[in-house]
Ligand code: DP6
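Taking the form predicted on its own, here's one chain by itself in structure tokens.
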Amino acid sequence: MKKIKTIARPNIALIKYWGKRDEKLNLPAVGSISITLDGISTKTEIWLTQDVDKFYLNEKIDIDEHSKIVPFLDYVRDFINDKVYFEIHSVNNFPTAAGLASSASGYASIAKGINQLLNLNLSDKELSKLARRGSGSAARSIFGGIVEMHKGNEPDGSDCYAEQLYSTEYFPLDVVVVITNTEVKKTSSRNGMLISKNTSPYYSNWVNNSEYDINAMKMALREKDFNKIADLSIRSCLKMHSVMMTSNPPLLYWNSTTFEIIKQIEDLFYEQNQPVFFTIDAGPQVKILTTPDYKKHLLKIIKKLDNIQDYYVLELGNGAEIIED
């Protein structure tokens, strides 16, 4: 029995993605720019089976996750025009469905494994399109370093894919991921995006202004302008959460500790001009980015925080990979 083992890492968007222009094809309403992380990951084993798909997450059968992955595997069967079935075992070494992009690393690792298992020989561009069908952010986790996701304009999604902008060495950043709550979030990102699209009065402005943020961030990255990268990231994060909070019902993913950390990091960056900034995805965890020189001081601050459950100290990581036995 041929078995493929893969690893993929989650990513965090500096310029955020929230909302879809096509639910069925999983096409984002806006582009995004992200960094792939090292140190936290999803490892997946995948092989062919008969008659029925089997999916194990963290060594358990998860009915909800199984129901989500079957449409993705149906797409694979349509794509290759063959009724093959898969047994998939994915393990995360970090909290699942808690705002840490576990779906990104999960579907990127699965897509990478399917490509190898079925000898599809997809290019990285095509592989990102495949991963996108499972999770929009998974298209970015195919690549390492700094990555751009193109929202595309074609109705069939043919121009919607991710690509690497810069390698992991281009702009050294350290990332401290502060865990404030490990519980599974009540509203998934997938459902939350649909709610925001249909109900938030800010949603159309969010979509219409996204290209400016993308272009401004690409210029800041070209110039390696830390302060501009930081300011754009913070504002993109807060704009996205403004859309969430003005949805009906409101999507408030933060908790009191999240707010406390935001206040401290805003003060460090805007008032004290320190090389540190934050971003937050659809969850209560805060990702704090800094320079290698400032990391030691930042960790002293983190260790004094009340009510945090854990933290990870990470660097920029590679894209999805095959694990050799």
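In this text, residue numbers run from 1 along the sequence as written. Keep in mind that this is a model prediction, so the values were computed, not measured.
The following text describes the form predicted together with the ligand, which does not appear among the structures shown.
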Candidate from 180, 90, 233, 137 lying within 4.5 Å of the ligand in the predicted complex - any heavy atom: 137
Contact residue in the predicted complex, from 77, 125, 218, 190 (heavy atom within 4.5 Å of the ligand): 190
Location of the ligand contact in the predicted complex, chosen stretch of 152-160, 221-229, 127-135, 195-203 [non-hydrogen atom, 4.5 Å]: 127-135
Heavy atom distance at most 4.5 Å to the ligand in the predicted complex, all of 143, 147 and 316: no
Residue 16 within 4.5 Å of the ligand in the predicted complex, heavy atoms: yes
The ligand contact at residue 282 in the predicted complex, heavy atom, 4.5 Å: yes
Contact test in the predicted complex: residue 175 vs the ligand, heavy atoms, 4.5 Å: no
Contact of residue 164 with the ligand in the predicted complex (heavy atom, 4.5 Å): no
